[in-house]
Structures are given as C-alpha cells and as structure tokens.
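Laid out below as structure tokens are two forms of one and the same protein chain, each shown alone and named structure 1 and structure 2.
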Structure 1
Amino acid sequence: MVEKEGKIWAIGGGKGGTGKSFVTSAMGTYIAGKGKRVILIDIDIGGANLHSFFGISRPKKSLTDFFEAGASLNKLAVKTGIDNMSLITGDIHSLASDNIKFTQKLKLFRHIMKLNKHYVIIDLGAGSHNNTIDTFLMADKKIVILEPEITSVENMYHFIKNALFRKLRMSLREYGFKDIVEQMWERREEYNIKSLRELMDCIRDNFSYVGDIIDKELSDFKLYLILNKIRSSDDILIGSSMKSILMKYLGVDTKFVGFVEYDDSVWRSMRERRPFMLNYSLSRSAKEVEVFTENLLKGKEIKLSRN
C-alpha cells in the first residue's frame, strides 16, 4: 500500500552536526527538480545556515519579521537559485527558541499549513526543547537523521523518547487523562515499567478506555530514519538496529529509508557556493539522496541486499 505523500516534512534528530541541513537542502533540490513547488524553512533559531548550502548570502528577512512585524511567510521566502524552490530562514535576532510563546508557535504552525506549496520541508535545530519537538510533531512526515556514532544514537533516542512522551501527554490532556500518564510514570518501579512502551502497555491493561485513546492518537506517530556519513557496510546495519530498538522500547513504527556515505564533495560544494545536487549530480552520494527521497515520497523502506 502506497502512503500519501504528506505536505509537511520535519527533519530532526536531537544532536547538532548530523547533517540535517545538508539532507534538507538535497531532498528539496531533488523534489523541486521533479516539478514540485517546495519551500524550505530553516527553523534552527540562532544557528540557521541552510542558505549556505545554496551559496546565497544570509537573508535579510527571517522569522523575526513574522513574529515581530506580522509579515506573511510568503513574503519572507527568498529565492534559492533552484527552480520551484524558495527558503525561509529562522534567524531570529531578538528571540531565543525557548522564549517563543505558545500562542506564537500555534500561529506559526497555522501559517505553515496554509502555504501553497506541494512540500514544506522544515530543518529543525539541535536539542529537545518543547518548541523543537512540537514542530516535529506537527509534521506529516517525521524524519530523523542519524550518524553512525554513539553520541548521535543516544541523542536521537532521547529526542524521540521526549517527542513520544510529549505527544502522549498532550493527547491525553485533551481527554482529561494527563494525570494517569504522569502518575504511572512516577510510580514506574512499582508497576515494573522500564520503557515508554511498557508504560503504554500498562495503561492499556489498567485503563482499557484510555488505551483506545492512545492507539488512536499515536496512530500517526511514524518515523523515517536516514543514516548520514556512513563509512562502511557495517554502519548501514545501525539503521536496521535503531528501527528494532525504537519498536522494542518505544513501540514506534520506524522505516529505514536510506543512507548517505561520507563524501568530501559536500563541503566542497559549500566552498564552491553551488548546491550539492547540481554540482555533484553524478556522485554516489547524490544517487543515495535520490533513493531515500523517493522512498520518503512513496512511504517505502530501503532494500538491503543480504550476502
């Protein structure tokens, strides 16, 4: 069964430096090349650098103008040099990410959803702040970028666990059951709960009506995993391992959609101020980007050969 494409994609993962901006720029370039209208939003407040991947100067207009002057998102979009694709940067000068008010955040989400584009691809900042997590949860497709190293794995797991727990609490709050989640988690030793998946199973066992709500509200919590900067065939296996771990301990349906090898041409393309997917379109890494982007578009997983 082919999944619907989903208009809004969010690229997260918790740790900085994993290549979220590279993946966002490369995917956007590929999709725009297929004739789809794409808008990229760099919401890495304080560290926005997505413009650098297109060789353009830091935009003068940013989300600062949205929050402080009420400018529409369409008026903040700048050209990327790629047909069918524009960019909004999140370089907010006077607001830290944790100072954006809840009402401001909801307004931003409403305006993002109204953008007249085939695809909106959001490059999230590092960390697990609530504003970052809520943007991730708002997306139709939740994509996580992972490097094959222990700190990246730990940060990504922490990010997903926080996102799932926040989704769980926010969903049950609407039905008046938020306290059940918090109380059972606080008493997890008494209930012998060792993971979020066991917490949800315990709630289902003790409160069947709440379990039905959990199943309904979390049915759209699906992840799409991309491995970046791999250096060996063994690294690729980390993608399959993380998929199993996320299901075992969090109960999260995860699709491993592809990987990109470590490639010096990525930083060379930035130094040359040329988009990677145009400058190195015939490289192996560019082909790998095409593979996982097609998998994302079609809701498929990567096919790994077994020797």
Structure 2
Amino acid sequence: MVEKEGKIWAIGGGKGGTGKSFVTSAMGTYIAGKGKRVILIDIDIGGANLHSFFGISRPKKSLTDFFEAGASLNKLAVKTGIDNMSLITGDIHSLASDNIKFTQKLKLFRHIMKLNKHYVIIDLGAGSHNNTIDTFLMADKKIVILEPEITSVENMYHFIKNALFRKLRMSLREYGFKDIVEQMWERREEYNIKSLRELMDCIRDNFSYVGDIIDKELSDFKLYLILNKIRSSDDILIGSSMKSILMKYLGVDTKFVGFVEYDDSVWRSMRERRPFMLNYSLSRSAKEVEVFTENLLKGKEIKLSRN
C-alpha cells in the first residue's frame, strides 16, 4: 500500500559527497519506473549537478527564472531521458545566501506543493544554510543521507539540530511565544545551556505550558535515514545506532529505511553518462536502492536480520 500523503521528499544531511544526488537520481528513476510521475529539483547551492547523473547537459533554465521572471515550475522542468521524470535546476545565483527573500521562498514552496500530482524529490546539497533547512522542513518526508564515517556523522548531527532548532523557534512563534527560544538562548550562560537538548529541557522546566508544544513539534519532526557507501555489514549497525541516539538524546523519531553499499559502478555510470539504475539495474546496489525506496513509499523501516 502506498501512502497517499507525503509526495514531497527532501534529501539532506549536511556533509557533501555522501551521495545525496546519487540517491535522489536513483530513487527518482525507480519511482518513475513504477509509472508514477516524478519531478526532481536540484537546489544544491554548492553546485547543482543532478543532471550529470542522467548524462544530460546543464539545463539552460533554472529557478532563477522562477524568482526573477516568474516562470512557472512546469516550464522549467526539462526531460531527463527517463519516462515520467523531469528535472528542475536551481543555481548558485538563485539560491545563494541572501538573494532570495522570505516571501519568495514561500512562493516557491507554494508552487512546489501545487506539483502534487507528482512525486517531488528535492536534492538539498550540503550545508545547513537557512534556505536549505527551510526547504527541508517544508517537505513531507525529511530524508537524511549518512556515510559511515565520523565527519558525516558530525555534520548530520549539526544539520538535524539546526533544523530542529529552527522548527521549534518558528512554531513557538506561531503559538504566540514569540521570543522564548531566542531569549533562552541569549541567556544561556545564566541558565547554563550548552546544547539544544539542554535548551529544550530548560524551556520545559521554566514554561511548563510550552512543553506540550515541544512534544508535538518533536513528534511531527520525523526523519528517514539512508546509509550510503557502506563497506561491510558491520557498517549497517551505524544506521541503527544513529536512530537510537537521535531518539534517546534529542527525542527525534527516525526511521532507518535502508542502505547502499559502496559500488564503483555508480562512478562508472557517471563516466558512461548513463543513469545508474538503468545501466546497472541488476547490481546489488540497485536492488538496495529499490528496497529503501519501497520502504520510503510505504513508511516502513528496513528489516534487519538478527546478525
């Protein structure tokens, strides 16, 4: 059974090079192959290169045309060479730090939501910039990609904490507690707050009526975790461990949906300018992509055998 809701997916996770674009392209290809319509949106500020995964050249039109000339998103979508799937590219000019105003951003989100006949998969690229975080928070499915190495883990914590902090701040503001988070944070020395967790605890202690809101926001903030480039079966445990810590330390519910092993054919596919999922459709990694994409569609976790 496919979940009715939740067709806007955002792929983030902080560190560059963990395979966000690969996952986006492979996942999209698989879903399109099932006969569903898919639009990929590449808003990687550092360098939008999703098109390379399909062996097509950089699209001439980009989100800049949306922001500056009011072009509709449908007009910006270019063919990927794969049936049912098109691609919209953002570029550094349209998404760089302060170039887009908040209202423009909301307009973009509104238009993305109107694409609801499609699965919209957004490749966020690296970093924890506000524009990246806001797009992540808007998505129905918040997907993070982790590589089993310490730098990736570190950046992912940073990314998730930033996203959660921003979400709490915005929603408490909506509930009318305008500056609680800011004020607490400014007086962190006084309250001895050194982390997001301590901040949340401290707000709970001092404003008991806000505790429920924090709990509600936390329960809305669900993550889906994909482990990429694993090199041994032991690495899979890192996914389960990450899930555990995110819940037990931050209270964030995470579904560990799957993993992909390290595979040279991903890189080879790019060289050959052919989509990986078509070029190496029988490879183990392609099967692993299918498994986690199915899990994402159904909102399920990966089943791990006892070992």
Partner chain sequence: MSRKNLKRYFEILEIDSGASLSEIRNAYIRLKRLYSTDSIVITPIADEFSKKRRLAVLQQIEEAYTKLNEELKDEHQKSTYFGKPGIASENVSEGEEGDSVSFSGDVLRQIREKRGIHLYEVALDTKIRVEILENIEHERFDALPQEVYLKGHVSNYARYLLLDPRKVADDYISRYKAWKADVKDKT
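Keep in mind that this is a model prediction, so the values were computed, not measured. Reference numbering: structure 1, starting with residue 1. Superpose the two forms; the largest set of C-alphas matching within 1.5 Å is the rigid core.
The form predicted alone is structure 1, not structure 2. Rigid-part membership, decided by the better superposition fit of each C-alpha, differs between P148 and D212 in the motion between the two structures. Each of the two rigid parts keeps its shape between the two structures, while the smaller one turns against the larger by 18°, per C-alpha superposition. In this core superposition, D179 moves its Cα by 2.6 Å between the two structures.
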